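Structure 1 and structure 2, given next as structure tokens, are two forms of the same protein chain, each shown alone.
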Structure 1
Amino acid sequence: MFETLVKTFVYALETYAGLGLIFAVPFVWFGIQRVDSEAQGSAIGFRMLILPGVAAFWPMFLHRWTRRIVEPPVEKNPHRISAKP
């Protein structure tokens, strides 16, 4: 039973990573400039550097890309809240 659970977990992890890589390649080439204005005109080195991170966090980037969210949300923590006048 434990072996079946572990195999299922590994297969789920492989599926997640595979989907992430399938998503990351077109996103890095076409979608990153729509999501992050600072990435417009970036070189291939930058795109290759962010590829593993995009593959790992692909659900978040897919959400931002489909909703056309351009800039990242403003961080809300006690320090930032107390610093506002």
Structure 2
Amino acid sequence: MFETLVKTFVYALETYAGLGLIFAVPFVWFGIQRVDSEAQGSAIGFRMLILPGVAAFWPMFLHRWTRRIVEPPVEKNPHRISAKP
């Protein structure tokens, strides 16, 4: 029973990471500038640097890319929330 649980966990983790890598490689090349304007024209070094993180957080970027959300969310804290015009 324990071994089955562990196998399920490990295979789920490996599948998630594999899908993340498959998504991340084309995304850091073609998609990143569509969800963050500051990434436009950025060099290959930057794209390689964020690749592991994109592979880890790929559902968030897939959501933004497919929903055509063009800028990251605006930061919120108590001052910023009450400072809204």
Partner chain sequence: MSVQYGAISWNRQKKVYDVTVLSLLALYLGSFVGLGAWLHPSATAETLLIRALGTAAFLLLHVVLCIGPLSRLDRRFLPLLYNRRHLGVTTFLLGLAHGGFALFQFHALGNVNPLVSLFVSNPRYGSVADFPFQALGFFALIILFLMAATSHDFWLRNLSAPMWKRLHMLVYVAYALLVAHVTLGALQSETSPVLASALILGVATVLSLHLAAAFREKRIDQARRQAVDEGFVEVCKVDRIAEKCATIVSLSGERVAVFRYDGRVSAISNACQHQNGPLGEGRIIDGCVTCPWHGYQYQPESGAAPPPFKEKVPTFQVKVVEGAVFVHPRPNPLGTHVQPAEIESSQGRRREAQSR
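Worth saying up front: this structure is predicted, and the values here are computed from it rather than measured. Basically, rigid core = biggest C-alpha set you can superpose within 1.5 Å across the two forms. Each residue is numbered by where it sits in the sequence of structure 1, with counting from 1.
**Q** Pick out the form predicted on its own: structure 1 or structure 2.
**A** Only structure 1 fits here, because that chain is the form predicted on its own.
**Q** Superposing on the rigid core, do we see a C-alpha displacement of 2 Å or more at Thr66 between structures 1 and 2?
**A** Where the cores coincide, Thr66 shows only a C-alpha shift between structures 1 and 2 that is less than 2 Å.
**Q** Is Glu14 one of the residues whose C-alpha moves 2 Å or more between structures 1 and 2 after the core fit?
**A** No: Glu14 shifts by under 2 Å between structures 1 and 2.
**Q** So, with the core fitted, how far does Glu75 move at its Cα between structures 1 and 2, in angstrom?
**A** For Glu75, the alpha-carbon shift amounts to 2.7 Å.
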